[in-house]
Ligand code: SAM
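Below, in structure tokens: the form predicted alone, a single chain.
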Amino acid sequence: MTLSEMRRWIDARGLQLTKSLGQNFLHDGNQLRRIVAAADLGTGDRILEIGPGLGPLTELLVATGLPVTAVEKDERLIPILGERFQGKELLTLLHRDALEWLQETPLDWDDWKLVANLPYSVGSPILVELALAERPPRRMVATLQWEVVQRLAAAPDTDAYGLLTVLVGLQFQSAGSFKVPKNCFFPAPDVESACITLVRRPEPLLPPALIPLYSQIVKTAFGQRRKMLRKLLRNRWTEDQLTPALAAAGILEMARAETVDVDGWVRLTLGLAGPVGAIVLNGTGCGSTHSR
């Protein structure tokens, strides 16, 4: 879909694009093909696209011959997508708020790959929701604000490192990113954009039963990121629980949340998990605590 085609569809339907829905549509063919290539699609993959808009990326995804589920919130765009992709039996088009749909419909995403130009206002929550699923997607390729992409790939003790890094980093690793110029979108966004590839870890760092505890710990710890980690965790765990768990995780007494890497958070979770964590630490349960 070229820019002129995109304009024709918008003008013909009298559409007023909405900033609150993140409607900056990517039209540049080269960038769209780079996104599809980053997904490394192959036999057996199922594709999830969130925020298809007018369908420029959908068009390339459908052309792969793989099943595609596209979730679009704006009801004005559903008829356009239905018309553009009429007869494409492998495309499932859902008119839903994607974040609500993900939260209400827990699925086994094991055979899926997310390939999407995510609405910037909800891009981070959507990635977290998928990343913390019991069986997350194999790969997530997403166009986001450059600032968010930096956070997803950040190292500990840097300004960009934070809660998003740690939540997504439990089950995913960054496999690279590339910037997408503003003039590749219509209308051009106010912020810099980039596409990041996140690949699911080959082995889980924690068993699924401990993922909610991991999430609880890191959300508490990053509640006030400049405060000492131990003081923040005291609100939920006793000293008798914290002292041995922090020591086993190799986390210093004066450490702040932003200085602890994913491996440290995993070890702390295991230390606070009681008997279940002890089983994993002893090597008899699911999970691994190898470093990033």
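For every residue, the number given is its place in the sequence shown, counted from 1. All of these numbers come straight from a predicted model, not from anything done at the bench.
The discussion below concerns the form predicted in complex with S-adenosylmethionine (SAM), not included here.
The three residues Ser215, Glu258 and Asp261 each lack any heavy atom within 4.5 Å of S-adenosylmethionine (SAM) in the predicted bound form. Within 4.5 Å of any heavy atom of S-adenosylmethionine (SAM) in the predicted bound form lies no heavy atom of Arg139. Residue contact with S-adenosylmethionine (SAM) in the predicted bound form: Glu134 places no heavy atom within 4.5 Å of it. S-adenosylmethionine (SAM) in the predicted bound form is not approached by Leu198, whose heavy atoms all lie more than 4.5 angstroms from it. Residue contact with S-adenosylmethionine (SAM) in the predicted bound form: Val71 places a heavy atom within 4.5 Å of it. Heavy atoms within 4.5 Å of S-adenosylmethionine (SAM) in the predicted bound form are found in one stretch of 217 to 225, 92 to 100, 166 to 174, 149 to 157, which is 92 to 100. Think of it this way: in the predicted bound form, S-adenosylmethionine (SAM) has a heavy atom of just one of Leu77, Leu206, Leu114, Val180 within 4.5 Å, and the residue is Leu77. Just one of Ala194, Val128, Val122, Ile211 comes within 4.5 Å of S-adenosylmethionine (SAM) in the predicted bound form, counting any heavy atom, and that one is Val122. Heavy atoms closer than or equal to 4.5 Å to S-adenosylmethionine (SAM) in the predicted bound form belong, across 145 to 181, to no residue whatsoever.
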